[in-house]
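Coming up is one lone chain in structure tokens, specifically the form predicted alone.
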């Protein structure tokens, strides 16, 4: 039986994100139960994903009884778009989508891109915020490929698996190498080791 103290709420309306995280969570021996909760957070436009995540986390303080976290991620096309869409990734995905990003690129052989993920956790027993970050680097694909994943996954070719986009990987394969997977490993290590 799990007490309220052992429940961690993932604040997200994105079922794809939740399922990726649940896959990671279920493979670990952790004395916490993961639950999804959908509460509207306030998103600001800031210079870094961490600033956005921190503001979102604090914007819902007092609305959830217990421990909760949000995860924020961005897709950065470092060359030739100087990091765009970055912190605007969610808006860009809703408007010009993957094809819009591709239209901004002339030479796909020279592209450099990365994903960044930040997990912002409010840990109720300590009344404190914690942050966990992950990054993965690669290129932009000239074609939209794959049916898995979500967002910019069909146009991102990670350096570690340069012949497949994120959308062509299984959830398990993606979690092994992804920005979210890296941030999660740090988060899960924290949950295993935390003393309170």
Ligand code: IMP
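Quick caveat, the model's predicted, so the values are computed rather than measured. Residue numbers count along the first chain shown, from 1.
Beyond the structure shown, there is the form predicted together with the named molecule, which is absent from this document and is the topic of what follows.
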| Contact check for 71, 93 and 180 against the named molecule in the model of the complex, heavy atom at 4.5 Å | yes
| query | In terms of non-hydrogen atoms within 4.5 angstroms, which of the given stretches 61-69, 125-133, 24-32, 143-151 touches the named molecule in the model of the complex? | reply | 143-151
| field | residue 111, heavy atom within 4.5 angstroms of the named molecule in the model of the complex | value | no
| message | Quick check on residue 51: any heavy atom within 4.5 Å of the named molecule in the model of the complex? | response | no
| message | Only counting heavy atoms and a 4.5 Å limit, does any residue of 101-125 reach the named molecule in the model of the complex, and if so which ones? | response | 115
